[in-house]
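In structure tokens, one chain follows: the form predicted alone.
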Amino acid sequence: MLITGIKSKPVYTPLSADIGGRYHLMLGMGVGAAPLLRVVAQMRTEAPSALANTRVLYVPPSGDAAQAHVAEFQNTGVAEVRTFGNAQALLAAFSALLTQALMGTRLYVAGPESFMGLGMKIALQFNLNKDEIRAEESGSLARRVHCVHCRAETEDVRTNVVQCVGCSRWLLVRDHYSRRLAAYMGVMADAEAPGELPPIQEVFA
């Protein structure tokens, strides 16, 4: 069974523009475009000059929707829109940008939680204050799971029990979340009764 009610489980709130920021950096993946476009629309109304200092890094979805989302960003008047084929490429570019980030930078992240967690992990490594980071979960609820036994990370987990990619143990996916690791904790599911697993169910669609 899942262990719920743990305080470390992130709580996300709808994105809104931080008009007090001097520079605005947006990271988006898939349907995460919608919250970011909402923030840009708010800027156009409340502080149009902020658009000149806004950069968007985005992984579009596959199919026809990709170009539509990219075009929407390009038509907003932001300073730069960069697209990437996958999250890894985007996060590498994001890390490079943060080496040049100036005081007053605000970060907005939107997309699946696993993507957001990795983005925020990088931001914290570069000493962005938590008050300077805003995030809204959009899309898949699949989790990134850290094995407490071998320390491997299993990606895109949608079930309550998953086999670790590192040590092959069957892990119970907990609600305990580590911001340092950008992952939920996975503990051996059959430690007390080897071979006896709880029913495996898709719970993170």
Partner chain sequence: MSESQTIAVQVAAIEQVTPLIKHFTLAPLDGGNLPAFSGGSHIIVVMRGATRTFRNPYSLLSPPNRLEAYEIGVRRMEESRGGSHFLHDAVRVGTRLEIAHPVNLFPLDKIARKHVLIAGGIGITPFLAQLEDLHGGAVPYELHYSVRSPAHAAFLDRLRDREGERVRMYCDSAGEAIPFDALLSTQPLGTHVYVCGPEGLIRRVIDTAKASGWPGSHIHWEQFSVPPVGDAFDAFLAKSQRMVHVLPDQTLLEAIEAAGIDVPYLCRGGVCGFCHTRVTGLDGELIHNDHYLSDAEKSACKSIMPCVSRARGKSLVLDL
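Positions refer to the first chain, counted from 1. A quick note: this is a predicted structure, and the numbers were derived from the prediction, not measured.
There is another form of this protein, the form predicted in complex with the partner chain, and it is not shown here; the text below is about that form.
May I ask you to state whether residue 88 is within 4.5 Å of the partner chain in the predicted complex, using heavy atom distances?
-> No, no contact at 4.5 Å.
Indicate whether the partner chain has at least one heavy atom within 4.5 Å of a heavy atom of residue 103 in the predicted complex.
-> Looking in the predicted complex, residue contacts with the partner chain include residue 103, since a heavy atom lies within 4.5 Å.
Tell me, yes or no, whether residue 20 is in contact with the partner chain in the predicted complex, where a contact means a heavy atom of each within 4.5 Å.
-> Residue 20: contacts the partner chain in the predicted complex.
Examine residue 98 and determine whether its closest non-hydrogen atom to the partner chain in the predicted complex is within 4.5 angstroms.
-> The answer is yes: residue 98 has a heavy atom within 4.5 Å of the partner chain.
Taking the partner chain in the predicted complex, which residues along 100-136 bring a heavy atom to within 4.5 Å of it?
-> Heavy-atom contacts to the partner chain in the predicted complex: 101, 102, 103, 104, 105, 106, 125, 126, 127, 128, 129, 131, 132.
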